[in-house]
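Presented below, as structure tokens, is a lone chain in the form predicted alone.
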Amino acid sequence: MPKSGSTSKISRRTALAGLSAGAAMLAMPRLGRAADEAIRIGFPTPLTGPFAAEARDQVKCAELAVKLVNDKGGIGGRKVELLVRDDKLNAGEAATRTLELIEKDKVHAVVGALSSAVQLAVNEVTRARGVIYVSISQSDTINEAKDFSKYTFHEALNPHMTTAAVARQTLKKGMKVAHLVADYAYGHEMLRGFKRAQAAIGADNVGEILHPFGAADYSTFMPRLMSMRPDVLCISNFGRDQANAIKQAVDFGVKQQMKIVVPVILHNQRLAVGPDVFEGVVGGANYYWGLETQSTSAAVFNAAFKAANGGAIPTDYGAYGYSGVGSLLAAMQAAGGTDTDKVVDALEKLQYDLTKGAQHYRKCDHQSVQSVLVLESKKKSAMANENDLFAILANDAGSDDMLRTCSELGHAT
């Protein structure tokens, strides 16, 4: 059962009627005299590679945030442009594209990235040049003092938040837990989060196996994991790796022996392999379209996205694109333009609700404080329609208590 929010139905009429009001932070009126210069937002994301499906969703939702602003005349009469670049899921490529966006295209801010390592590369470039960067990829590291700058904002959830929420719903004292982990920053951060959460609960760690990023064959790992005889298998990877790992685990009969959980359950990967493979898998999420029965802002966001995309529904990582760009533009509106220091100040003071409820950026590390969903993949017979993928097990309200403390991150308090 959800932990917060009303479970009463929100009608289609309510959603459509609320579209203008609910999107008010994005659909902003003109301010003052129009300027000739457009407001340019750089948007690096991996349009090619194993995360391409999630990246395309990010672009669609970011474009929607820009459209809602421009349909109402822009910010201070200035239209907004989204400059999308393919970072190819490569830190060096991302740094190059970001530098071009700043030096050649003269962007006023940057939003994007879909990998822990890539977003850190983007952040290195933006903070060195005093350009605001809103990251929309999960990371614990980007909030730590060594990687932070006043220009760095993190709109996405982080591994500490998601793993703790998932662990609360799936682990109990005395349970045995094994881990299959992608051998790069994202996987390592998720493993650290799960181990911290399971230690607090009193669950026992029985083993960890690292796999190469982009692995196609997991057959050598499954017998080793099964021999550990865990109650729960935590699979910490992303994109196509998630679909491939879960499918091969099911083929080996893993689900008959243990529960499969993931830190982030992905809409697109569930679609890629079907309900039978994902049935019963539990994972965290920043967004699910089914929140529209609990949240007016979710219903409004869904309606706007459907209207712009032929009736399609928005996805989890798509919602990051919308809220990342949307919160930045709301801050620019509050600041009266693109002056960097004024926009930073506005972001630090911003209270926003674009997709699922109240959010704000914590002062010390600029982490977005927000709710965390825990979802369970439905079996086919329980699905009301093709989009009815998940049941909402929990909706943990956002609070500073779900974050690592500022002092733990290395920030002065």
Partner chain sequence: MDLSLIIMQLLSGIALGAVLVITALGLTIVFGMLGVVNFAHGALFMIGAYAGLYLASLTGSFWWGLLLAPILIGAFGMLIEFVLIRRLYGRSIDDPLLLTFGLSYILVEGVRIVFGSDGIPFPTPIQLVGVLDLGIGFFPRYRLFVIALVAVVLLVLWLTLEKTRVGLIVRAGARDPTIMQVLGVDIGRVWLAIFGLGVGLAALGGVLAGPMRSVNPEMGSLVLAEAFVVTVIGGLGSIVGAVVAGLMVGVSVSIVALFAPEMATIVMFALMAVVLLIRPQGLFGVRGRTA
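Residue numbers count along the first chain shown, from 1. All values reported here derive from a predicted model rather than from experimental measurement.
The same protein also has a form predicted in complex with the partner chain, omitted here; what follows describes it.
Put simply, Arg240 is close to the partner chain in the predicted complex: some heavy atom of it is within 4.5 Å. Contact annotation: Val273 falls within 4.5 Å of the partner chain in the predicted complex, judged by heavy atom distances. Contact annotation for Leu210: at least one heavy atom lies within 4.5 Å of the partner chain in the predicted complex.
The partner chain in the predicted complex comes within 4.5 Å of a heavy atom belonging to Gln248. Taking Pro223, Gly92, Gly202, Gly130 one by one, only a single residue has any non-hydrogen atom within 4.5 Å of the partner chain in the predicted complex, and it is Pro223. Put simply, of Arg56, Lys67, His360, Lys378 only one has a heavy atom within 4.5 Å of the partner chain in the predicted complex, and it is Arg56.
The stretch from 133 to 141, 296 to 304, 72 to 80, 265 to 273 that comes within 4.5 Å of the partner chain in the predicted complex, counting heavy atoms only, is 265 to 273. Residues from 167 to 205 that approach the partner chain in the predicted complex with a non-hydrogen atom within 4.5 Å are limited to Asp183.
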